[in-house]
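Before any questions on how it binds or moves, here is one chain, the form predicted alone, in structure tokens.
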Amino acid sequence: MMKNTVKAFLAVIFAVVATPLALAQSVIEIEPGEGVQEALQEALIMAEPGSVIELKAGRYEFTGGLSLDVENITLRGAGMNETVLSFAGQTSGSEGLLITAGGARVEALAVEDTPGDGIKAKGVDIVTFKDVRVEWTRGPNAENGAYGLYPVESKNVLIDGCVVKGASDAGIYVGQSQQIIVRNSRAELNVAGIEIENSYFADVYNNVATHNTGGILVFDLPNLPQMGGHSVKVYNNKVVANDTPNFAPPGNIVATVPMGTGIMVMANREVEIFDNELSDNASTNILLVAYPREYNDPTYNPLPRAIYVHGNKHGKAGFAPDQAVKDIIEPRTGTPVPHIVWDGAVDGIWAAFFGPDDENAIYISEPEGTTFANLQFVKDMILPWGASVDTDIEDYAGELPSRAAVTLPQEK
């Protein structure tokens, strides 16, 4: 009996002593300097699940992309301006960091000047970007990488307190994903500041989108593995002075985004836009449009529907329209272009004359003085004499129920 008691006592003592040792061993420290490419990539490969890889303050120079395919790894720097991963000399790899394992957390560091995307997470469940900066330091340029923070085909995505500048497509882009939060972040000098594409259940709030071509985009595109984007809330954001000329490579869908677009919804449903501050967007503050290109996907719905816009604060807008807003909308509305523009694309003749059914309608409840235009494109094509623009915002009064906030397992 005494022998067993001693064994049990020693086992408890060993556990108490061994636990902090095990925790200490789970932290891998990396410092800048010669051989850092190999040292960091080896750590990303060899780390045990649950490990923390700490990057000390300093500037890290890389010639190749990095990859992470181990579950539940944290990559942590000393701050987004203190730990800088530079890929200006990168000659191999498609992005700075590619994440293909769930439970990843990247925080308190910067990624600069990747020839491709900054940080991409593909096909993962649970990924967090916290206090991360991705930047192309030469400013807007068509040769910059397409995306800054780029989770795609993923679930439980959190982007919090991040900064992205200079992406030639979208600074913060979440595509074909589900259960998403983008908050407290800043997107500046990108073509699209923040883009939610072909995704379900996204909350985008407390962000600043400024000096982009377009501030916040909610898109749905055809011929992708996940389509039918829906259930997106865009609220409490500051979307101002988006005035950077579009520098996306020709042929890219965001190359069609007019300079000075605040919030743009294209071919998406169940989108709620509320309590945002919108001003100094030269084309318009809010643009609701159908997908403009030909497509061969019979399952695709190109129309915006079940859109609820309410309680936003509108400043000056529409004073210098660009691209399609200049060529197609301004001739019908005059200048300034209204704060909110809907192209009026609907499904069928009945909807063209009487509006979409209640479930698919566009509802607008904005403060007094907000200007609006329904261009009535479909009705205009039907009537031999054309249809005039409808500017009576009161006709679109109503509301849709607001869904519950997105909750993520990494925050529980």
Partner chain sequence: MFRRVLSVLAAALLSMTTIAAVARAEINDAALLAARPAKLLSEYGLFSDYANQMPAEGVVPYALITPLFTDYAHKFRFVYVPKGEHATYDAKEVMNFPVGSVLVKTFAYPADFRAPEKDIRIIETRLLIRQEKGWNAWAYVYDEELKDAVLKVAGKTLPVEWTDEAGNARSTNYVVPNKNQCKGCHTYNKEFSPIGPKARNLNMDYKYPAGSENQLAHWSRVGVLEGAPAPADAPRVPDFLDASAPVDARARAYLDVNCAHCHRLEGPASTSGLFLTWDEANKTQWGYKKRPVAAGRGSGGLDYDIMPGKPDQSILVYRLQSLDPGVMMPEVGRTMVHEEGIALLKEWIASIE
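Just so it is clear, the model here is predicted, and its values are computed rather than measured. Residue numbers count along the first chain shown, from 1.
Below: the form predicted together with the partner chain, not depicted.
**Request:** Could you check which residue among Ser86, Thr74, Gln323, Asn252 gets a heavy atom within 4.5 Å of the partner chain in the predicted bound form?
**Result:** The residue in contact is Asn252.
**Asked** Just one of Pro302, Pro336, Gly123, Gly228 has a heavy atom within 4.5 angstroms of the partner chain in the predicted bound form, so which one?
**Response** Answer to the contact question: Gly123.
**Message:** Is Ala373 near the partner chain? Define near as a heavy atom within 4.5 Å, in the predicted bound form.
**Reply:** Heavy-atom contact with the partner chain at 4.5 Å: absent for Ala373.
**Prompt:** Counting only non-hydrogen atoms and a 4.5 angstroms cut-off, does Ser67 reach the partner chain in the predicted bound form?
**Reply:** Yes.
**Message:** Taking the partner chain as it sits in the predicted bound form, is Gln90 near enough to touch it, meaning that at least one heavy atom pair lies within 4.5 angstroms?
**Reply:** Yes.
**Message:** in the predicted bound form, does Arg293 come within 4.5 Å of the partner chain, counting heavy atoms only?
**Reply:** Close contact exists here: in the predicted bound form, Arg293 approaches the partner chain to within 4.5 Å, heavy atoms only.
**Message:** Residues Gly116, Ala146 and Val152 are flagged as a possible site; in the predicted bound form, is every one of them within 4.5 Å of the partner chain by some non-hydrogen atom?
**Reply:** Spot residues vs the partner chain: full contact, yes.
**Per-stretch contact check against the partner chain in the predicted bound form, the hit in 156 to 164, 294 to 302, 308 to 316, 259 to 267 (non-hydrogen atom, 4.5 angstroms)** = Partner-contacting stretch among the options: 294 to 302.
**Asked** Which residues within 32 to 54 place at least one heavy atom within 4.5 Å of the partner chain in the predicted bound form?
**Response** Heavy-atom contacts to the partner chain in the predicted bound form: Glu38, Gln41, Glu42, Ile45, Met46, Glu48.
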